[in-house]
Structures are given as C-alpha cells and as structure tokens.
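The chain below stands alone, shown as structure tokens; this is the form predicted alone.
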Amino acid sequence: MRADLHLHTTASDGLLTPEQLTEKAAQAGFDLIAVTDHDSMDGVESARAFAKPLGLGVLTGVELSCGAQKEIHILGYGIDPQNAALRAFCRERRAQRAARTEEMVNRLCALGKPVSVERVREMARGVMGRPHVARALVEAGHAASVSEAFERYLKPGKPGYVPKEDVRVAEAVRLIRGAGGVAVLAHPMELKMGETALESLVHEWKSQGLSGMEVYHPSAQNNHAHALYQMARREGLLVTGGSDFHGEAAHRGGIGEGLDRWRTVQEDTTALLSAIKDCSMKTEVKVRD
C-alpha cells in the first residue's frame, strides 16, 4: 500500500489544484492520500470527486495552525468539511493570515524590498501566507529562492516576520474532534526540541485529545523517525506519515517524499481509518442526543 497523508493544494499554499494533485497522486501509484490544507477545507470535496473514478482514496483533512512564536500544526483526519464550528474557525484564521501577510509586505517595503499585496494575493488564490510572500520576493528579485527568502526575511526573528495569533493545541484538537475527526501532531521534528521535552508535551496534548503523531515526514531524518515511532508507541498514539507536499517548485520535494521508511503503512493507516470511524460514530451519537 502507498499512502501520503499530508498534501496541500491551491486552497491554501500549494501549487496544484485539488484535481491536479489527485491526478498526480494516482499516476504515481498511490492508494490513499489526505488533502490537509492550512486552515481550509475548500479543496477537499473537489479532490474526492475527481479521485473517485481514478480508484484513489482521499481522506478529508485540514492542518490547523497553533502557537505564536513557536508554530505547532495539528492535522485533522476524517473531519466533516461542513462542520459549522470548524468552518468558522478556519474563516477567522484566514482573515488573520491576510492581515498578517499585509503587515509582512509593509515591513518588507520599509526594508527596501518591495512586493505587492495584490501580487501576493494573486499567487495565493486561496489562503495567503508566508510561502506566497516568499515567492513574490523571488519574483521581484529580492531573493534567489523561496528557501533564501525565508532564511533572510520570513523566519521568526527575521525582519519581515510577523507572529501569528496564538491558538492553543487543546482548542484545535477540540474543533477537530467536534467535527468527527482524529487529531494528529504534524512534523514534530520541526518543533526543534529534545526528545524528553517533546514527549512531555505530547503526553500533555494526548490528555487533551490528541490521537496521533506524524512520525514519517521529510523533517524526520536519520534515526529521528525511529525515535518518534517508539515515542508514539509508548504514548499509545496512532502513527501517520506525509510528505507535506506543496508542489515541486516549492521548498519541499515530491509526493511521497520522506516516506520510504514507512514500513508499517498498511497497519498504521488501517488503525487510523478505524479511529476515524470510531470518532465519527461518537460524534453522530452526540448530535442525536
């Protein structure tokens, strides 16, 4: 079985439309994917409809942004894309992203590195964010690549960076579970902390409803994936894997990048699908009550 459970489309900061993404995944021989756009579920239904005749399974998903200076991302799988509370949260986060992006553009202009908000909006086509500002910087000749744009201007501590509004992990998890979904910590290695500190946080988040951890991801190099796998097992968490694909021209690789070591993909995806079914059934009972 081939699965990639962390993919982005033009509904947030990906370069491919939902239809293009699903077609590419099907051509590459994947059996199951998840569309997990940042604070947006707008690409999910299109991806599912397009993938059905291709024989490709598509999980409904979302990636919610938490934290402020230290970014924490929570993936939601099996969510109801029409859930009112989750949709309202995503709308508010998108509005905050737009305001934040405009402030970043203003700071860059003050630095003598002008880019246009209108151009950034054109590039986004969906949810505006730092990747679109980075691409605008490259287009304007202020950086040689998206990676350089982040390193020089857009990472925390750099002159063009603007902090996000803080959202607690517990709130993101509550929204995902309320929408019938399963909450999973995305790319834990990108939190850049020691194993003991990370496990302490993961243990706390599990008590708040976190169900899994994205063990297999391009950021989990060398022995990191093995250590994360063992941590997930100790904490009784689901194991998932995803490439965090945004498009070949973005700063990550292709679909399936970093997942070659995911040897337990069949077992892990079966467990995830079972957990999603359980969560959906509990949500239905709660709604009926």
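Keep in mind that this is a model prediction, so the values were computed, not measured. Residue numbers here begin at 1 and follow the sequence given.
The same protein has a further form, the form predicted together with a small molecule, not shown here; the description that follows concerns it.
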## Note on the structure
Within 4.5 Å of the small molecule in the model of the complex by heavy atoms, the stretch out of 168 to 176, 214 to 222, 141 to 149, 86 to 94 is 141 to 149
### Heavy atom within 4.5 Å of the small molecule in the model of the complex - residue from Arg119, Lys164, Arg125, Lys206
Lys164
### Query
Hey, in the model of the complex, is Gly76 touching the small molecule, heavy atoms inside 4.5 Å?
no
### Task
Decide whether Gly181 counts as a contact residue for the small molecule in the model of the complex under a heavy atom distance cut-off of 4.5 Å.
no
### Message
Quick check on Pro131: any heavy atom within 4.5 Å of the small molecule in the model of the complex?
### Response
yes
### Message
Can you tell me if Lys113 lies within 4.5 angstroms of the small molecule in the model of the complex, counting non-hydrogen atoms only?
### Response
no
